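This document opens with one chain alone, in structure tokens, the form predicted alone.
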Amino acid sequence: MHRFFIETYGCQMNVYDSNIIASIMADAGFERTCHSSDADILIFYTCNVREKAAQRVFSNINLLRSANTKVVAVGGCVPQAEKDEIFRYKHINIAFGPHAYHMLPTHVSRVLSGETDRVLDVTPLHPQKFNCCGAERTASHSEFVTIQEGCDNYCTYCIVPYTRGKEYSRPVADIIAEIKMLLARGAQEITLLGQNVNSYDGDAPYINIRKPRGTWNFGRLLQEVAALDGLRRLRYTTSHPKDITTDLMEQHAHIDVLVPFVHIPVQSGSDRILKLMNRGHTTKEYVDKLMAFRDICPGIQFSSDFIVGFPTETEDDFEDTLNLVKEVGYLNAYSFKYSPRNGTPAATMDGQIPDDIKARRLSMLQSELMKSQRAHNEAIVGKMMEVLLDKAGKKDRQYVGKNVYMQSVVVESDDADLIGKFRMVIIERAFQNSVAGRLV
């Protein structure tokens, strides 16, 4: 039997795609292994949002290939973006985009049989891929479900509209069916995924006869998912500020299983830079929505994304970003140096910022974000919180889990069967990236 190994890079949507790939490969008779040395089929599922992620893929192909390797398949956004040049890497047999993963077993079989030694499949979005979840798909206690894919916003720095395509929302009936399957197989926490998840605009003619046929918005979908038996915790990511509505805020106030934590990327605190980025909002509009969110749903917390060193960014622009971080008080955030991506408008803009300046600004921004994160961690000391325990810790008798705010919580217990369980924990100590507590 042929064995395959998958290495995944990038966002949660890539993790979701990789899980589907694993299940459909298993359905086709291939066996998954967790060790690349045991595999004759290597699958790399890639991200092209930043340059380093793409470079690391090709480095790891050389690192993981062995005498046993018969097929190297590279999927995801890198081959979609580099389709004209992807085979300059001579060891690649199959290059497939994020809309063609359902065809991978067929492509692998063709290469193994000797019918061909190279396959390029970068077809446009085909909804059929979402119907290939795989009979062999297993479920952990926490699972991702893609509900929307693609992006119509065309931020000037972003490659996603060119690799994932235009926005597409899956039918509600398909989403509900997949979540029901995952819950039946042991999932308790579901995270809904989309490039712009809260722009969801799906059709649901058959899902619930009490409600009229027609288009559903994201808030209505959240209500339907939250009502499913067995669901203990509901999350979603990623949100665009322009699609944060009062209706969505009110869902957080009324749906018990919906966590009080939202990821809302802003990228910059400078209105001038936001305009160059084509973000479609000002800093004030962004902050006003967050404040309204807090008024409607007290206790809500936020994370965000930031880019430093966007073309023409001045010290004053960067100072605006630091001031925004101080004003909002993010629970956590992801921050990066601007990385030019071929084919995006920003890559050819005048005023590209030298790397040493980007590195200095990133260090300053991350220092400010770390202060905010540490303050949030210290603020929950003494509180009792529900934690979903994810994995064993680094030490004996140690477990690590997540609370509703995605803070890492470390506990100790002699119980050998806590992974995947919800437990109440009193928080006793705070660190930079985690907190520690004791089981109640």
Ligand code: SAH
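A residue's number is simply how far along the shown sequence it sits, counting from 1. Since the model is a prediction, treat every value here as computed from it, not as a measurement.
There is another form of the same protein, the form predicted in complex with S-adenosyl-L-homocysteine; it is not shown, and what comes next is about it.
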*asked:* Please pick out the stretch from 226-234, 360-368, 304-312, 82-90 that is in contact with S-adenosyl-L-homocysteine in the model of the complex, where contact means heavy atoms within 4.5 Å.
replied: 304-312
_Candidate spot 267, 336 and 339, all three touching S-adenosyl-L-homocysteine in the model of the complex (heavy atom, 4.5 Å)_ = yes
*Does residue 119 reach S-adenosyl-L-homocysteine in the model of the complex, with heavy atoms at most 4.5 Å apart?*
no
*asked:* How about residue 279 - does it come within 4.5 Å of S-adenosyl-L-homocysteine in the model of the complex, if we only consider non-hydrogen atoms?
replied: yes
*Does residue 32 reach S-adenosyl-L-homocysteine in the model of the complex, with heavy atoms at most 4.5 Å apart?*
no
*Any of the heavy atoms of residue 195 lying within 4.5 Å of S-adenosyl-L-homocysteine in the model of the complex?*
yes
*Find the only residue in 157, 130, 330, 200 having a heavy atom within 4.5 Å of S-adenosyl-L-homocysteine in the model of the complex.*
157
*Which of these residues, 374, 56, 50, 402, gets a heavy atom within 4.5 Å of S-adenosyl-L-homocysteine in the model of the complex?*
50
